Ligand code: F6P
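Single chain ahead, by itself, as structure tokens, in the form predicted alone.
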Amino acid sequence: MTKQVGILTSGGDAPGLNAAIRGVGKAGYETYDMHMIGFRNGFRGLMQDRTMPLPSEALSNILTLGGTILGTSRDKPHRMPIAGKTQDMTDAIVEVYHKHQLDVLVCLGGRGTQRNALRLADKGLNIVTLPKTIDNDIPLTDTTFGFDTALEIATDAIDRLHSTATSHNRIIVVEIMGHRAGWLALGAGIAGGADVILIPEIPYDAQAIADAIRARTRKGKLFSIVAVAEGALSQDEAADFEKARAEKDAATNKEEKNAARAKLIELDKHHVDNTVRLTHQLEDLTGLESRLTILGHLQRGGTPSGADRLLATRLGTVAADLINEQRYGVMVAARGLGAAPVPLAEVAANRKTVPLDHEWVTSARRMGVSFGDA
């Protein structure tokens, strides 16, 4: 009996999404008796029943494309803005799932997508997910598709910025994506030869960074590259966030919880311009001209790398295998050269951050890279 497979992409776009769609679809058509239907713009499109036919021929020539042919959004099934109000649209999504007589829904996305997919699985829907994010912060998988391409882009940017840094004896600060996890800034910083790397997992002190840069100057090195994850925090900021989160956890009533949430929101708003402030601080503390480059969404765009195409294809074809075996409620995780299903509940409950003793951190420290701590 032909299996009806729905596919959607959710969250931020990332290189490799189309390769993953193609992997699921072509394996489904060529190896198993499956029929594919796409839903546009993530969970919102699923709720609105906005479909896109995905016959085999629609999967041709998409392997090398960046972005996603299905479109995406960050809407959550249980908290979706509708007519000016935030509403729980989970039941509407369940209705659309059954309307199309789906045997399974395949969700491609990051940590938010994994959590939202779990909510649908808890409603009785058959779900399989794939790990997509340039942040590489999804647990239980060796890596995520999108990360390798973003790493190449960020590394290339640092390579190019070396030229102007050396020509003008400047400090060049490069802001790299990574709000809660520092994998991308850490990897690009090491690969690009950054002298200072700042990640969310290691709160920094601006004076310590300035001291490290001045030490380079005394050795005759008249420029410095500072790679900063967008979520990197000063030690004072980290303490403020920790205190606010502790207050939220300790809150015993709705009023206290709302006050703690409001405080966290304000801290987040203030942090938005953190890298700008840090650049000015370093110029004041060192006396060296400092310039900031924010890579932003540039890191998400363009043709996916060969490694991301390969990874997305591998995981996509394994997803088709699992669907054929009726193994649901799982994420397809990369494991070495293979892949394995892991419980979606375990994925949704955790985040993969950079361990302080990770070999990348250790290697960088041995080369004299400063992380802005003592």
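A quick note: this is a predicted structure, and the numbers were derived from the prediction, not measured. One rule holds for the numbers: they count along the sequence shown, beginning at 1.
This protein has a second form, the form predicted together with the ligand, left out of what is shown; the following refers to that one.
Judged by heavy atoms within 4.5 Å of the ligand in the predicted complex, the contact stretch among the candidates 138-146, 203-211, 96-104, 178-186 is 178-186. Although the partner is absent from this view, H297 contacts the ligand in the predicted complex, with a non-hydrogen atom inside 4.5 angstroms.
When the ligand is considered in the predicted complex, D195 lies well away from it, no heavy atom lying within 4.5 Å. Contact check for A232: every heavy atom lies farther than 4.5 Å from the ligand in the predicted complex. Remark: K263 does not count among the residues lining the ligand in the predicted complex, judged by a heavy atom distance of 4.5 Å or less. Only one of the listed residues (L108, A154, V228, I134) places a non-hydrogen atom within 4.5 angstroms of the ligand in the predicted complex, and that residue is I134. A heavy atom within 4.5 Å of the ligand in the predicted complex is found for one listed residue only; from H271, R74, R291, H78, this is R74.
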